[in-house]
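Okay, here we've got a single chain as structure tokens, the form predicted on its own, with questions on binding and movement later.
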Amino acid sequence: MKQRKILGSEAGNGYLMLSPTAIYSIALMAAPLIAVLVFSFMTPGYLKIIWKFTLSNYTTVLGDPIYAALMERSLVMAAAVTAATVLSAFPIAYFISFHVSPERKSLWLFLITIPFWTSYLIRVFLWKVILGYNGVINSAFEAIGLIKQPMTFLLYNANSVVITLAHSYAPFAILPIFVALEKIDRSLLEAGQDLGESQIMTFLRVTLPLAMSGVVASVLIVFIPTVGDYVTPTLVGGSSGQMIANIIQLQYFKLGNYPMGSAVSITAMGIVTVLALIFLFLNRRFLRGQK
């Protein structure tokens, strides 16, 4: 009887509706992560996994200066990409929210999503065409006489990785900020100006704190996947633009060392998780200070 009451209740029906989605999520998301975690504690063999528990993988990852240098470079580049993306996305989202008529906002948002119509690889290759030795920028500068020979510092370095990733993740940053700005009660802004605040101070004291939820979402959406990106550094980064994800790809697909690749992956995930939690904590402190 008790089981029938649970199944027939509103909560029981909710669990029944949720269970297919939960099973699907566990199968496609949690299971691979658990497998990676298990692999990271196994002993690496020649093109195979030796099912023997060991901590040597993590000892190597945490003790080898090469992994530390690549992780530091990845975090710095991800922070640069996040800063460039969010700082360029906020004015666009602000313009659409406050200066575009309501009937045209959907059109602007539609235009922002146009880059998603093409493959990610095609967008990366287009930046190679733009930044290349004989690319659009060098050809244009040579044509107007600003340079006598093509510039070599535009491609195959950390700067080209930051530019390419910032362009790729721009729509992901614009949309959350736009949603947060749309939720702001416009009467609050009018009240701030009626009390004698300038537009700049009204923005800093009212608009920015109220839109911070969108900024936080944009930062996390851009920063977390950027650390794990290996396609862009491979295509436009060169030797000075390699990131920690390139080492993970090397361990998995070139060396067949799944335990070491898994250990690097788990370590990188742990570091990114800690940094994300610290960022959320500092943001909460900031918002409390604004109140």
Partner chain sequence: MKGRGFRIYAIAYLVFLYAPIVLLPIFAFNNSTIISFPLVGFTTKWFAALSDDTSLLLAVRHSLIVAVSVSILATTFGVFAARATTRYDFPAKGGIMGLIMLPLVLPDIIIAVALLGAFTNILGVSLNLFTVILGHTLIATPFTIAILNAAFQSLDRSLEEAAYDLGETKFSTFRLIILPLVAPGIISSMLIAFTISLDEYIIAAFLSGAGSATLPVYIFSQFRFPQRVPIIMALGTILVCLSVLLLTVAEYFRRRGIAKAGGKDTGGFL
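All values reported here derive from a predicted model rather than from experimental measurement. Residue numbers count along the first chain shown, from 1.
The same protein has a further form, the form predicted in complex with its partner chain, not shown here; the description that follows concerns it.
- Among heavy atoms of Ser40, none comes within 4.5 Å of its partner chain in the model of the complex.
- Proximity of Leu282 to its partner chain in the model of the complex falls outside the 4.5 Å heavy atom cutoff.
- Using a 4.5 Å cutoff between non-hydrogen atoms, Lys48 counts as a contact of its partner chain in the model of the complex.
- Using a 4.5 angstroms limit between non-hydrogen atoms, Ser119 touches its partner chain in the model of the complex.
- Heavy atoms within 4.5 Å of its partner chain in the model of the complex belong, among the stretches 145-153, 74-82, 184-192, 111-119, to residues of 111-119.
- Out of the listed residues Thr54, Thr234, Thr60, Ser240, Thr234 is the one that sits within 4.5 Å of its partner chain in the model of the complex by at least one heavy atom.
- Not one of Tyr67, Leu204 and Leu208 comes within 4.5 Å of its partner chain in the model of the complex, counting any heavy atom.
- Along 261-286, residues Ser265, Met269 each place a heavy atom within 4.5 Å of its partner chain in the model of the complex.
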